[in-house]
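One chain comes next, on its own, written out as structure tokens in the form predicted alone.
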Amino acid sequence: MSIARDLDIILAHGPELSASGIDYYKLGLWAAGLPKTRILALNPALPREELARRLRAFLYHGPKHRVLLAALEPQRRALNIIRLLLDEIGINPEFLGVLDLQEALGYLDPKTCSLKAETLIRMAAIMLTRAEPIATQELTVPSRVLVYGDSFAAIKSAVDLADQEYSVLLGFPGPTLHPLVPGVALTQALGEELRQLAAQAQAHPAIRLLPQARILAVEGSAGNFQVRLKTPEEVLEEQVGAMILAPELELRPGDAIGAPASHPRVLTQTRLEEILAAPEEAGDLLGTGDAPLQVAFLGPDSHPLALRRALETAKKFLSRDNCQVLLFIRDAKVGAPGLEADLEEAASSGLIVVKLPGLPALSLENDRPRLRFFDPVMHQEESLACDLLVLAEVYGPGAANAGLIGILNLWPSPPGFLQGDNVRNLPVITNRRGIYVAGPARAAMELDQALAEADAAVSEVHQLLGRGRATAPQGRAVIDRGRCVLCLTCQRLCPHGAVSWDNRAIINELACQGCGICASQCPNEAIQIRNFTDDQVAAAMENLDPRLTPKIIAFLCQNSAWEAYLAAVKMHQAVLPPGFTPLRMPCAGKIDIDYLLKAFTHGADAVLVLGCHPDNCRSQQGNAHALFRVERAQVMLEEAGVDPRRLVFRTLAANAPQDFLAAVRHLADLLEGLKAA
């Protein structure tokens, strides 16, 4: 099993190859001897017209013929050739393979450099001639979008989508739209721009308001969601192409400190704001005489927005001559624009900031709150009676989030927000294409950031739906319906909600992200991921060069380890073992146990599996699937008498070439130790 189809190889040569120990003439003769191949040695320094003439004379098979360009740093040294092939000659990008020979350089022995270059070309030729171009298709999808939530992010998303000629359903849990401005008092009047935005949402002809709405169920996937919504009047069945989730934050009491359920001198932040907004109540609370008033704010350290809100209220007391204001806090979270300056300004105006490792104990003495705490500065127990105690409130996820997580099969963050802590999804992406989160659905944040995320969510919707005409890959994931027995393993494990079924499994190509988890888990091998097929992997492993040792086969996730590998080979001090063979995977979750075991049967001395760090996998749990299979394969290897240490799993980031080199070096050192033993 070697090169499967006719292939034209272009070897871009220059003095840099010879200086690195590779004789391009001998390399070209070797490549010409490969079956089903032709070779053109071409100096990229030639004038553009001459390059074009030679390429046209050589590539007589036409633009659909497969072409492999091998060069040292091709994106820099052979860029003119690449542009000519794509722009003027019209080679399909899917049929053009670009190979960097950098990995073949740096070995002390020129023979090793040449053998490595030959191996790189052979492997690239094997994979390219088995690759199939992935066509695109245009699908008709609904141009209706469901926006759920009553935050300003939800309102802005709905208005912007309606302005772009989408039909919008704006559902929200309350009887009216009542958005928050995080970090300010609830009683503070909205600015003119925000009032106009809310008025637009209620008056726009393309927006249908659904007050007191609750999402009961969602079926389907990107471009074709069937949503059941319950309102006080009816249960609606709606078809939408995409959803934007932006439920408003909820204000909840902070850490409990034994405060009484109700006491006139112990107030929540919200109740205090209501009192200060009512002149009569404020007068009763503050008094009109010159008697001193001691006010303590307790624990606004859950989020910078909570601290900002407390400072805004504290300033109203600091402006009075008879008030002493204290702020008890564990950790002053000032990571918001201008917040540190606001805290310093308040301190200069008389605010006393008391930083404690824990919250004070609260009791009532003579109908006044008393706080007891250990002062880390004075190193002694302290007691403080105050006239008014203000309990901070926490900005938390909306109450509807818990239900949405289960209904939509989302991967949430631990506090209950609708997007997990995955850097690959920032800012608005979820594990399911077509479902986007913005602003308070994702985290507590400033209003400006929430509105910017609404813009990003609208952009994602437009990119997906295209006002009713969506573009999707065609045939990226292929199901052999003769093999499929409808066990629904693929449907249960797909992290993107892209699998449905009739009498056999069906993959929604608009929702599918090509991770390959379904293919590796299918018990009947009924699913293949185009350009990452079992046939390609097997062909690569069968053609290992026995002269290059130690033979290490590395399965690399294309989202992390593959990028780290490409960066590593460009580092001057990086020299990989001669027998190192990297195989790119769409996700670590695509790696099958059969791949790991067959690698050893084809002569591998060791196998390395590299995936994304936990919580950074684009497919959520692809790295966990890979680790599970590695551990199972290690047990099988041990039972067969193979040292399981020869199979290693590691995680790393795309921008960590040093970690990649360290993992390879560790495995190479282990093989040296096993060989010596």
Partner chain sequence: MEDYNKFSAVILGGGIAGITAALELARLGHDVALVEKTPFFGGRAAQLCCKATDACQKCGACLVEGRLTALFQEPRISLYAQTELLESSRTNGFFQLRLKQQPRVINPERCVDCGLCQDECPAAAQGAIITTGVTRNHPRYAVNPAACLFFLDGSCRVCQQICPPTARAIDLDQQEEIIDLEAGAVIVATGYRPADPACRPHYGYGRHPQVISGAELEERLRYGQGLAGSDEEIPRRVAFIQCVGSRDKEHAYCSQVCCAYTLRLARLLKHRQPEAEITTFYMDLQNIGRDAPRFQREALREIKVVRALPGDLRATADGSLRLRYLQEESAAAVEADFDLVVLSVGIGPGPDNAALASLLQAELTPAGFFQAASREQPSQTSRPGLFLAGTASGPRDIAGCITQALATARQASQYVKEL
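Here the rigid core means the biggest group of C-alpha atoms that line up within 1.5 Å when the two forms are laid on top of each other. Residue numbers count along the first chain shown, from 1. What you see is a predicted model, and the numbers here were worked out from it, not measured in a lab.
Another form, the form predicted together with its partner chain, is not on view; read the next lines as being about it.
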Could you work out which of L108, I352, A278, A341 is the residue within 4.5 angstroms of its partner chain in the predicted complex, going by heavy atoms? A341
Position in contact with its partner chain when the complex is considered in the predicted complex, options A399, C323, A452, A282, heavy atoms within 4.5 Å: A452
Can we say A347, W411 and A599 each have a non-hydrogen atom within 4.5 Å of its partner chain in the predicted complex? no
Using a 4.5 Å heavy atom cut-off, which stretch among 493-501, 226-234, 511-519, 455-463 contacts its partner chain in the predicted complex? 455-463
R372 versus its partner chain, in the predicted complex: is there a non-hydrogen atom within 4.5 Å? no
At the 4.5 Å heavy atom threshold, is P427 in contact with its partner chain in the predicted complex? yes
Taking the shortest heavy atom distance, is L488 within 4.5 Å of its partner chain in the predicted complex? no
Heavy atom to heavy atom, is R645 within 4.5 Å of its partner chain in the predicted complex? no
Could you run down 326-353 and flag each residue that has a heavy atom within 4.5 Å of its partner chain in the predicted complex? R330, D331, A332, K333, V334, G335, A336, P337, E340, A341
Superposing on the rigid core, is the CA of M378 displaced by 2 Å or more between this form and the one not shown? yes
When the rigid core is used for the superposition, does L359 move between this form and the one not shown (threshold: C-alpha shift of 2 Å or more)? yes
After the core is overlaid between this form and the one not shown, has the C-alpha of P93 moved by 2 angstroms or more? yes
